[in-house]
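Quick setup: one chain, the form predicted on its own, written in structure tokens, and binding and motion questions come after.
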């Protein structure tokens, strides 16, 4: 049996001074794919943001057309001197403090447990993620029913063990923790999925090698899992802080900012000024100030988490 030898064809010699062969251009197809998104992004994100920035320097109102008279930095000065602005900003920060740590820690613990389950893993993934897909109105109705005095499930459960329930949504001291508990139950699934995806990227060989060396499960979590999930934790923390600072739906639907404005967030304060008091210019100025706060908090939080990640 003979074996034929295939001789590669020689490339034609290039003539000195001749132009190089043209390469296929991928620029136009890429621009074509990006153009629809760019148009929508400019029309619905960049455009309104720029218009809101311009509006913040005018006495714009919802009851008259146009931007109104020029106010300069008057709206910003009024907001910085307004006690309601600072109280609503503090309510937002307090809500962020109440929700961010449990949403990070619980998501990590539940993802770790679900990742180690051999049977029925799909059920735990579905159970933990299912509340996240519920609309905010549905979540509000569920938890208002659970918090209802004399009829709610929480009060009935606590009464069986002899504990008197407070007015969950009617007491200024309990309203914000009650909203935080609702938010943790509702949004835990998103962070859970991020941690679960990060756990699946960790090589199993690391756990097997450490088990051979005598490492306990807790040592594996502390020495392998937590360091390997450093980038995931950074992402979860930054996204969670930003999401908590932008809270509006559950507060507006469950308490309307009450009782006695104890749960009015900064976004609801913007809504009240713009669509209740019809002061669009002042509401735009508050929005710009809040944007700076979110930007600063995100930058500081990100730098701190990154520094801790390098120290691990």
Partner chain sequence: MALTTMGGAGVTQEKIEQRHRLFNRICFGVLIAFALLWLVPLAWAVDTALKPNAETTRTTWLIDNPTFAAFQRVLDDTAILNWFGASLITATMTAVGTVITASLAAFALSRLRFRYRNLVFWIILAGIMIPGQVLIVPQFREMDALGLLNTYWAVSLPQIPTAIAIFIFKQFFDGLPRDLEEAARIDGAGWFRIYRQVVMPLARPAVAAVAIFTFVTSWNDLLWPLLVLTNPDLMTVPVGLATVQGAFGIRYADTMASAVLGAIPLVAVFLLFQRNIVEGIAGTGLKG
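Bear in mind the structure is a predicted one, so any value in this text is a computation, not a measurement. Take the two forms, superpose them, and find the largest set of C-alpha atoms that agree within 1.5 Å; that set is the rigid core. Residue numbers count along the first chain shown, from 1.
There is another form of the same protein, the form predicted in complex with the partner chain; it is not shown, and what comes next is about it.
Residue 219 is the only one of 219, 234, 165, 87 with a heavy atom lying within 4.5 Å of the partner chain in the model of the complex. Comment: the partner chain is not present in this chain, but in the model of the complex one of 124, 94, 76, 174 has a heavy atom within 4.5 Å of it, namely 124. Candidate site formed by 80, 159 and 303: none of these residues places a non-hydrogen atom within 4.5 angstroms of the partner chain in the model of the complex. In the model of the complex, at least one heavy atom of residue 49 sits within 4.5 Å of the partner chain.
Residue contact check for residue 117: one or more of its heavy atoms lie within 4.5 Å of the partner chain in the model of the complex. In the model of the complex, the partner chain sits beyond 4.5 Å of every heavy atom of residue 241. The closest non-hydrogen atom of residue 98 lies beyond 4.5 Å of the partner chain in the model of the complex.
Although the partner chain is not shown here, in the model of the complex the stretch 139-154 places heavy atoms of 141, 142, 143, 144, 145, 146, 148, 150, 151, 152, 153 within 4.5 Å of it, in sequence order. In this overlay on the rigid core, residue 40 has a C-alpha that sits 2 Å or more away from its partner position between this form and the one not shown. Relative to the superposed rigid core, the position of the CA of residue 288 differs between this form and the one not shown by less than 2 Å.
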